[in-house]
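Here we start with a single chain on its own, the form predicted on its own, put down as structure tokens.
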Amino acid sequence: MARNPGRPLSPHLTIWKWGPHMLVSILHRATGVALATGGAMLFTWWLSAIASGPDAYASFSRYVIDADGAGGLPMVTTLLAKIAAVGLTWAFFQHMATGVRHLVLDVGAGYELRTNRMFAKLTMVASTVLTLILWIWAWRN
């Protein structure tokens, strides 16, 4: 099939000016994948630990919670688990904020360029602030 030279070519990514709305769109997809993958793996591990009995659950708790404070490998994995938990929490809040942004866009509001950029930036700020608030509260209690 021959191309009609009178029709314009589709724009390529290199000619688009990068904006926060593009970043938020990509982050929405990435956080959805992270939540589905990370959450499913952690939930499956937790369920299998519960189903396997008290020893398996104690092992799960040692690597995720470090309930006995033993240090060593469990302490390192507990630190990694906490970092992953903070990351998944941020992903949850980012995905939720972007979903609310899309809901607003679906009702026909917020399509003005300035408003769209402001809402995109607001989702990133809100997800970071909500994550900080939640984890500061969790570590204090």
Partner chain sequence: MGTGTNIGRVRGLGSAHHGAMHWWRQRLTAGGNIVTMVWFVVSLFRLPTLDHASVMTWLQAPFNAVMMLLLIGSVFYHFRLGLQTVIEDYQHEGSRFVAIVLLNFYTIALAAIAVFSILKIAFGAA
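Positions refer to the first chain, counted from 1. The structure presented is a predicted model; accordingly, all values stated were derived computationally and were not measured.
Another form exists, predicted together with its partner chain; not displayed. Remarks below refer to it.
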{"query": "Exercise: residue 116 in contact with its partner chain in the predicted bound form, heavy atom 4.5 Å", "finding": "no"}
{"query": "Partner proximity in the predicted bound form: residue 106 to its partner chain, non-hydrogen atom cutoff 4.5 Å", "finding": "yes"}
{"query": "Touches its partner chain in the predicted bound form: residue 37 (any heavy atom, 4.5 Å)", "finding": "yes"}
{"query": "Residue 59: touches its partner chain in the predicted bound form, heavy atom cutoff 4.5 angstroms", "finding": "no"}
{"query": "Contact set, 124-141 vs its partner chain in the predicted bound form - heavy atom within 4.5 angstroms", "finding": "134, 135, 137, 138"}
